[in-house]
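Given as structure tokens, the chain that follows is alone and in the form predicted alone.
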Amino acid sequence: MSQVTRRELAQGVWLRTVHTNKFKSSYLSVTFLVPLEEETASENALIPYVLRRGTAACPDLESLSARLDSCYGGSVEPVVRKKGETQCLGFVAGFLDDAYTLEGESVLEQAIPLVGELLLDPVRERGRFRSAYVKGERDNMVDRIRSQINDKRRYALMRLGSLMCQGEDYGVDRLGDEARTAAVTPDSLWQRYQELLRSAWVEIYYCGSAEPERVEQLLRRALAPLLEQGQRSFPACQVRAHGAQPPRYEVEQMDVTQGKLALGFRTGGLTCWSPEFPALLLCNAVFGGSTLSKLFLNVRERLSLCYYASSMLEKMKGLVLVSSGIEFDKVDTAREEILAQLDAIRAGQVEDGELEGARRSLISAYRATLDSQSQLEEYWLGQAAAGMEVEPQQLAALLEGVTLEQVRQAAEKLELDTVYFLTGLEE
């Protein structure tokens, strides 16, 4: 059994601890939560990568690696995520749990101060970030942004989201854009970093066998400068209904051998904050969110219209995004069949096996998060970004009570907003 606690260390700085003896490793993350905005997303995304290059005490990767080796080969990695219209940036760290050290040494007393140094005491050059580190990570980030196009399935979903939410913060990529990234300087990045320290909402997460009080004491010492400053505000997410306009259709040509068809739906205002959220979750699972879904079993398997077909739910923004890979000449047939499967749910045409299979798949997935430290951290970060405190077991229990009629009603609220098709070059 695990015990989840959450406490505020300072205004806008929160610590969540999952006290458990289930794992042989401990997992720690420190995440800045800020509004996802076009003007600041590029610099925000770059900051954890530059911070990871070195501290005042360990000014290069070689000395940092030696320090991590002394923590039984622990790891600290930069990470940038997107939760609704919130950009989440910081570090995730993994290291051997103290219960499993060879001679009873405390890894926690070494690991938490190191994370604190990485966040708050970077190696400096003339009072700002080292120029060579900024240039190196800036070039790496530009390559990272450019390389997103290589995964055409993910790229199609990214393009769909940006088209659907043009003019909305959700349409901004979590890594920012290439032009703004290329324009970052050591001075501008340092100023942005100082602003993050002052104003960003902070979520700290720990999972392991250490008592919560001990973890808190170590963090209070390691992050003392962070706790002493700032007026922090919680980032909000704007939810927009579809409106009366007809769906938008966008076609993009590229040198590809397989078409990518993506459809974006607004949920009619249903989000994770809605009482109907469990029904929306199950509706998405029946539609395309599981291997027992209508899209998978009918559009892909029975009709062979797609190489793959699935849907995902953006719980904070209120979006359902359908992703499929098709032959170029099957775009109209595939689109109509995807919409027909949604119409079937709206009409209540869901077999008992479909509904229960989707329900069991969802519940199993939530229960499985309890067996993975990284998935559990991701889940709780999503809850923190939404300002919620629903445990995976609670959500699983709520899903047990969802009826077919509630699923049907959730499906009725879905409105087609945008259709994006990535096709090949004309010969």
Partner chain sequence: MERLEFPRVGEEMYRHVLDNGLTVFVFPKPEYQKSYAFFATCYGGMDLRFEKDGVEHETPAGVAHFLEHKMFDTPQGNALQTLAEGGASPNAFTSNDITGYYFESTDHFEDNLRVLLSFVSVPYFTQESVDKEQGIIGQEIGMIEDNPDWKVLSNLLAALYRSHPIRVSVAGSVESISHITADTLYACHRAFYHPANMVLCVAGNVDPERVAAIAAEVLHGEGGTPAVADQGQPEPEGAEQTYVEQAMAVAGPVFQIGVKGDVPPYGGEGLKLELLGDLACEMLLGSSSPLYAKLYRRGLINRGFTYGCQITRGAAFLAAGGESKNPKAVCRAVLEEAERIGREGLDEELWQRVKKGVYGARVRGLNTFENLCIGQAQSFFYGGNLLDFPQWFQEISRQDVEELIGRWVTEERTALSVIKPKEVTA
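Positions refer to the first chain, counted from 1. The shown structure was predicted, so the numbers you read here are calculated from the model rather than taken from an experiment.
Form predicted together with the partner chain: not shown, discussed below.
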- Query: Looking at 77-85, 342-350, 265-273, 116-124, which lies within 4.5 angstroms of the partner chain in the model of the complex, counting heavy atoms?
  - Reply: 77-85
- Task: With the partner chain left out of view, choose which of Val239, Leu196, Leu96, Cys165 has a non-hydrogen atom within 4.5 angstroms of it in the model of the complex.
- Result: Leu96
- Of the residues Ser106, Gln217, Asn140, Gln191, which one places a heavy atom within 4.5 Å of the partner chain in the model of the complex? Asn140
- Message: When the partner chain is placed as it is in the model of the complex, are Thr5, Leu15 and Arg154 each within 4.5 Å of it, taking any non-hydrogen atom of the residue?
- Response: no
- Going by a heavy atom distance of 4.5 Å, is Glu38 a contact of the partner chain in the model of the complex? no
- Query: So in the model of the complex, does any heavy atom of Glu389 sit within 4.5 Å of the partner chain?
  - Reply: no
- Item | Proximity of Tyr379 to the partner chain in the model of the complex, heavy atoms at 4.5 Å | no
- With the partner left out of view, is Ser310 within 4.5 angstroms of the partner chain in the model of the complex by any non-hydrogen atom? no
- Item | Partner contacts for 368-404, taking the partner chain in the model of the complex and a 4.5 Å heavy atom cut-off | Ala368, Leu370, Asp371, Gln373
